[in-house]
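Next comes just one chain, in structure tokens: the form predicted alone.
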């Protein structure tokens, strides 16, 4: 009986290890597909929808630069007047915790987003600061849970768990085999309850130095618990842009 139990435990452990290995292989494919974009510029829109359906729309200018071990992004709010001039600077590191700073023009000060604030709402939206940070595969484990059709697309189902402090217990990602990018993500809170669901759509193909990149130009985030929604969209998106490092200097936020 003991031998049977030991064999079952070993088989279970081997299967789990195998799914982690396969999950990491897929995650590496996703990362490789995204490497080499150089930088990008865009106009971004953020729509906030409360539980009654009332909407607030905000417009931003977005710039991102790809460096060796960090991607740097700055988003500057242009409209409406009450948030104009607000900026979020993110240094999304591949191998260590991200650095994020928020400039609030009304207070004329720069606020650092610390680890305790990473799960907080970004500008009243259902996106958190953590959602806007690094998605480097070195910071997570990836467990392949199977395959599934999502809106007629073939996807791998990956369970992503952070190796470091996170506001999520896990994220279930549905990764398109065509785009090598998530088309749907389910976020679970620390109580392991489904918190929110993101749908990624309006994929477009961009080319940089003969390499093709697929980018989602719309993310629809629904908070399952408070019934609020937020929509990020990208317009006038240009990939392969070489941008000045001065744009991403924290001292220039003011």
Partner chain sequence: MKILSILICSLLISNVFADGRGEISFSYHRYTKKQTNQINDLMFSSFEVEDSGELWGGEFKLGIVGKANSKDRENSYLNVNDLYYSFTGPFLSRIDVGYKIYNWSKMEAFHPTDVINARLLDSDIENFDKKGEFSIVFDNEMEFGNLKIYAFPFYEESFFPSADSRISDGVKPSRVKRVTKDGISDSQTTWQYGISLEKQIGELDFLLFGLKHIDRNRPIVGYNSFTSVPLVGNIPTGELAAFYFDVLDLGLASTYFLEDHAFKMEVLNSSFDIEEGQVFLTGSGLRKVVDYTTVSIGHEYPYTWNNGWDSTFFTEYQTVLGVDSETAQELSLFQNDLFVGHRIALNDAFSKEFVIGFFYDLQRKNEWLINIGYDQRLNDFWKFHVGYRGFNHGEDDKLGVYLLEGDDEVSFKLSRFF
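This one's a predicted model, so the numbers in the text were calculated from it and none came from an experiment. Numbering follows the first chain given and starts at 1.
Keep in mind that the form predicted together with its partner chain is missing from the display, and what follows is about it.
Peer 1: In terms of non-hydrogen atoms within 4.5 angstroms, which of the given stretches 137 to 145, 174 to 182, 152 to 160, 102 to 110 touches its partner chain in the predicted bound form?
Peer 2: Result of the contact check: 102 to 110.
Peer 1: Can you check whether residue 170 is within 4.5 Å of its partner chain in the predicted bound form, heavy atom basis?
Peer 2: No, no contact at 4.5 Å.
Peer 1: Would residue 95 count as a contact of its partner chain in the predicted bound form, using a 4.5 angstroms cut-off between non-hydrogen atoms?
Peer 2: Output for residue 95 is no: heavy atoms all beyond 4.5 Å of its partner chain.
Peer 1: At the 4.5 Å heavy atom threshold, is residue 50 in contact with its partner chain in the predicted bound form?
Peer 2: Result yes; residue 50 sits at the interface with its partner chain in the predicted bound form.
Peer 1: With a 4.5 Å heavy atom cut-off, would you call residue 54 a contact of its partner chain in the predicted bound form?
Peer 2: Answer yes; at least one heavy atom of residue 54 falls within 4.5 Å of its partner chain in the predicted bound form.
Peer 1: Which of the residues spanning 115 to 144 lie within 4.5 Å of its partner chain in the predicted bound form, based on heavy atoms?
Peer 2: Contacting residues: 115, 116, 117, 119, 120, 121, 124.
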